[in-house]
Each structure stands twice: as structure tokens, then as C-alpha cells.
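Listed next as C-alpha cells is one chain, alone, in the form predicted alone.
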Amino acid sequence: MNEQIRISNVSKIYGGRASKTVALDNISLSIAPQSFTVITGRSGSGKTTLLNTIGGLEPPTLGEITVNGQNPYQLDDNRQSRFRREQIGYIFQSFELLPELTVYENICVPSYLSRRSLDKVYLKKITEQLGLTDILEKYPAELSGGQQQLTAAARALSTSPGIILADEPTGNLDRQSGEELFDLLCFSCRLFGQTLIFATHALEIARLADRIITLEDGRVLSDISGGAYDTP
């Protein structure tokens, strides 16, 4: 199978011998480019840890991760930071917005850090579809939780990275906003040939994926094909 991401015998263990927690337990997976994969499972099953490990944020205790043939954990700090900025778009549960920057400035942070020119037409399309146009000059403290999540999503998409990692991105949104965000992620991934990995409890989203991976206690409980995704 053509693969963009390879996860080989990966385990992630926190704590020492007396208080050991196994978050990932010997997981092996390959993820194809331009695919939509849903990671599902109960809270504590390892979804967030798996996304963070793929994205270069948490090195595995055992095993190896490669993205586009490259192991991010073998890079020095500067090259690892560049890898995350240029190849991965993150949508975190906790937003991770910079409080001293406006909505627009937060969205543009990845471009600023990578010294890339802004695609203002694309940014305008993103902010319009997510309903952010009227709040671009506001600061995170002035926003609702849903608006902060939508800002974080726009930031992740702003540089059209090859891989989007979304950790329960619709969890803090009302149904309409959640559907708009999901539609935009699907549209962006299809338009730019991106790979979308989406951790969620929402079965209606899982059913639209190319592939559904269910985790339990840090292990792969099931790995099944879904229907090809499309925007409604």
C-alpha cells in the first residue's frame, strides 16, 4: 500500500515502574496519502497520544514513526520544529491560541514562523466559511469556546499542510458550526490532496471516513474501511 505515515511497533509509556501508564501499546499502522482516517475510542483509549506521536510532539517510548519517509524524532530541534510547521496542521482540543494576538494574527502564525507569504484569497475563503470575518480583530479572551476552536482550525489550514491532525475539533461546537468545520476540513483535504486524521466520538463523522480505527487501552481494537468521504 502507498503510505505517507508508518507507525511501527509504537508504545508510549508514562511514569516509572511504580506508576506506569501505557498510553499506546505496540501499535503498527500505515496511513495512505490523501486519505481520511478517523481514530475513535473511549476517553483514555490513546487517541490524543497517537495523534501527538504522529505529529512530532511526543516521542514514542518504543518503536518508530516515519512521515513521508522521515523520522521526525531523529531531527535536531530546529529541523523538528520546521517539520511540524511545514508538514502538519494541528487542531488541538485546548485551542492553544496566543492570547496577545488577534484572531487574524493567530491564524497567520504558521506562515509568520515559516516566513511564507500569505495566500490572502485562501485565508479569506477559510475565515468566511468558518464565520470568523467579523471577529478577526478580536482577541482570544473575547471569544466563545466555539469561536476559539474555529480560529484554531483556520490556523491549522492556513498553510495548506500535507497532513491535518484534528483532536475532537467539533467537541466544543454547536451542531451547525461543527458541520461547517467538518465540511471545510473535507473541502481543504480534497482540494489540496491533504491527509486528514480525525479523532472523534461522533459516529456520523466516523461513517464518512475512508477508514475507521478504534483504540482501546492503547491498542488497535478494530481497523475497518469506511465510505469515501465527501462534503454534503
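Keep in mind that this is a model prediction, so the values were computed, not measured. All residue numbers are counted from 1 along the displayed sequence.
Absent from the display: the form predicted together with a small molecule. The rest refers to it.
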Notebook entry, point to check: Out of Ser45, Thr66, Asn172, Ser35, which one falls within 4.5 Å of the small molecule in the model of the complex, going by heavy atoms?
Noted result: Ser45
Check: in the model of the complex, which of the listed residues (Ala23, Ala209, Ile213, Val10) lies with a heavy atom within 4.5 Å of the small molecule?
Finding: Ala23
Margin query: Residue-level contact is defined here as any heavy atom of the residue lying within 4.5 Å of the small molecule in the model of the complex; does Thr200 satisfy this criterion?
Written below: no
Margin query: Although the partner isn't part of this model, could you tell me whether Thr195 comes within 4.5 Å of the small molecule in the model of the complex, counting any heavy atom of the residue?
Written below: no
Check: Looking in the model of the complex, any heavy atom of Ser177 within 4.5 Å of the small molecule?
Finding: no
Check: Just one of 66 to 74, 184 to 192, 47 to 55, 26 to 34 has heavy atoms within 4.5 Å of the small molecule in the model of the complex; which?
Finding: 47 to 55
